[in-house]
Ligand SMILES: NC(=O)c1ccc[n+]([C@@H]2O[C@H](COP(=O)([O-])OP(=O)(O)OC[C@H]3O[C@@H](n4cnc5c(N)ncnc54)[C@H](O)[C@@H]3O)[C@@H](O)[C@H]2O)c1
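The chain below stands alone and is given in structure tokens; this is the form predicted on its own.
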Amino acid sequence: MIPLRIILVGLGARAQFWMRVVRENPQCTIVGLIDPFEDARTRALAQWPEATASGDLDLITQLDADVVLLATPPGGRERQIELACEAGLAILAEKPLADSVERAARYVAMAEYAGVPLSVGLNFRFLPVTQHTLGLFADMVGPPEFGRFTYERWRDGWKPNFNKYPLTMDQPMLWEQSIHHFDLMRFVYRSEPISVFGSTFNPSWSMYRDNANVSALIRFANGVEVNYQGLWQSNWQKPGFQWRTECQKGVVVQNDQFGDLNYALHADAELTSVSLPPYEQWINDAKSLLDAFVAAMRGTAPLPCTGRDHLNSLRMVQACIVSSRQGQAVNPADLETHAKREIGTTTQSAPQQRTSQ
């Protein structure tokens, strides 16, 4: 079987994982490497000497390929996606698809108009702990009813192996990290959010330009409620994580972002640990995601993590931002209404602001 030919765009930190994952998949190969920085291209060519490297995005339309894999920052992807659509190439994009719902929706529409598959790399769906959690709901503890999700981290954005753009982006925790958590909630609870009451803030010691901490109360259409706290700037270097879900017959407790899954029935005195398969962080989940994407490209499975589905997770992020600004709960489905209301409020208050100056 001829391998899928991939053009990898963006050769920074995340691309290092993708180059290995593609190398270990016999159904894929990399034929193109694109990055504006020569040292990044040189480093990538050392791993993929058979590929063609360029700093010019036009390489997307010049190579015989099947897929464009975007390991680029979410801002400024329009030309990348335009060229992929022009060339008729499927798109697998790192999350989030864009740094605004409006731009992401435009990209989804572009891909649908061009008839090209668009998938977003929501690799946390493919974690063994995520898949086993679904099994616990189905076979052991019953349907979920409410939960608490805490993610506490002092994320050193200056680490050499980290992308640097989050340091200066708007709402970095929400767009870069909470997007995973919100997507996991939708995926695991099998429902869409109908209310987000959020607050974003930045502590005095934060190295990030904009708010790196988030708290929110989220309600889903099936009645599940979640208390969420996500911190990129806690003030302790030791990370903390717990996702506890209360279900009809007991609880499910995940004590690590990538594992440590437990459950208990109502009358149990202790938690029961769930045995999970061996897992290499950032590798196994990406492998499973790529396998699912390849199967879709071969026509043997549905496309995973579609761009249109991803919009629902992005709307949760945007709803949290709007809620924090307005001080009230927001239904992600009503974002357009809230945007119009904010524009009207700004227009009406402008003369008062000028007078006070």
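Keep in mind that this is a model prediction, so the values were computed, not measured. For every residue, the number given is its place in the sequence shown, counted from 1.
The form predicted together with this ligand exists for this protein as well; it is not shown, and the discussion that follows is about that form.
Whether Ala13, Pro73 and Pro96 all lie within 4.5 angstroms of this ligand in the model of the complex by heavy atom: Checking in the model of the complex: Ala13, Pro73 and Pro96 are all within 4.5 Å of this ligand.
Touches this ligand in the model of the complex: Pro193 (any heavy atom, 4.5 Å): Output for Pro193 is no: heavy atoms all beyond 4.5 Å of this ligand.
Contact of Asp35 with this ligand in the model of the complex (heavy atom, 4.5 Å): Answer yes; at least one heavy atom of Asp35 falls within 4.5 Å of this ligand in the model of the complex.
Partner proximity in the model of the complex: His132 to this ligand, non-hydrogen atom cutoff 4.5 Å: Output for His132 is no: heavy atoms all beyond 4.5 Å of this ligand.
Close approach of Leu45 to this ligand in the model of the complex, 4.5 Å, heavy atom: It does not: once this ligand is placed as it appears in the model of the complex, Leu45 has no heavy atom within 4.5 Å of it.
Position in contact with this ligand when the complex is considered in the model of the complex, options Phe220, Phe137, Tyr263, Phe124, heavy atoms within 4.5 Å: Spelling it out, the residue with a heavy atom inside the cut-off is Phe124.
Answer option from Phe146, Trp154, Tyr165, Phe197, heavy atom within 4.5 Å of this ligand in the model of the complex: In short, Tyr165.
Segment assignment from 181-189, 116-124, 242-250, 207-215: heavy atom within 4.5 Å of this ligand in the model of the complex: Every other range fails; the passing one is 116-124.
In the model of the complex: members of 272-295 within 4.5 Å of this ligand, any heavy atom: If the 4.5 Å heavy-atom criterion is applied to this ligand in the model of the complex, 272-295 yields only Trp282.
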